[in-house]
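So this first bit is one chain, no partners, the form predicted alone, shown in structure tokens.
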């Protein structure tokens, strides 16, 4: 597990697309060190279907980029709309369950502390810090009146926070981004989600190779590795055996920029590593679609 994190960091040291996030550098699931254009001012709306055997969730975050006090600093607010559903007897004793509403709202800031631009490229490193607020409901119940477990609730019920180190290197039509971050949760109602470490790597190719003007229509092809290592959750001070573990997805993605202020995107996350603790539901394919709108 440590080797996978160090590999992601080492690859971020490679120097690989023009200094414009419109032209290159916006992978779907991996953070970037860019703080301009689509990362600085605008909206992003994505919708992701996340099945786990008999449990499915649709998460639709609205990402608002409201304030950029400097070209090296960007902020964002994420308001997730969440729908969770149980379909079989493996969860909840066969009782049907569904819940929809707003999840935990989060706020974050990104600071590009190292920027080195060069002809047809850039090398950047950034630090992202954020906090998630317990705005999502945690009182949902099955139809028989029993309380739904915390992972099926819309929110976590507790404040969480973390930091992420990001590297982005771009040369011509090629780009690479990598990040590694850690998040911890507070305890609420004697329950605490396990601390998690996320690591991501994204390789990107822009078509066409040369962007003549800002109105040139471009495509981006991405291949990402998205991993997460989580400790076991705890309740009443005791570890929950059937929680936590190491999960990783291989995620091909496609983006299209038809207009300077509009980006359309789609991705499919394929689970390739599921080293889960105890007995847990397996992850399935995760299709995701989205759009970003840039305010001038």
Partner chain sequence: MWKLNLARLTGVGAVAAMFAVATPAAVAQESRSETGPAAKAEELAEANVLLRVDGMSCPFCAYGLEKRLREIPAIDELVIRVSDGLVQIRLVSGAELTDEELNEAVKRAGFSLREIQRLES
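Computed from a predicted structure; not experimentally measured. Positions refer to the first chain, counted from 1.
There is another form of this protein, the form predicted together with its partner chain, and it is not shown here; the text below is about that form.
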Would you classify residue 183 as touching its partner chain in the model of the complex, given a 4.5 Å non-hydrogen atom cut-off? no
Contact between residue 119 and its partner chain in the model of the complex at 4.5 Å, heavy atoms? yes
Would residue 260 count as touching its partner chain in the model of the complex under a 4.5 Å heavy atom rule?
yes
Give a yes or no for residue 71: in the model of the complex, does one of its heavy atoms lie within 4.5 Å of a heavy atom belonging to its partner chain? yes
- Query: With the partner absent here, would 110, 126 and 197 each sit within 4.5 Å of its partner chain in the model of the complex, counting heavy atoms only?
  - Reply: no
Residue within 4.5 Å of its partner chain in the model of the complex by heavy atom, from 158, 140, 82, 211, is 211
Only one of 202 to 210, 150 to 158, 188 to 196, 98 to 106 sits within 4.5 Å of its partner chain in the model of the complex by heavy atom distance, namely 202 to 210
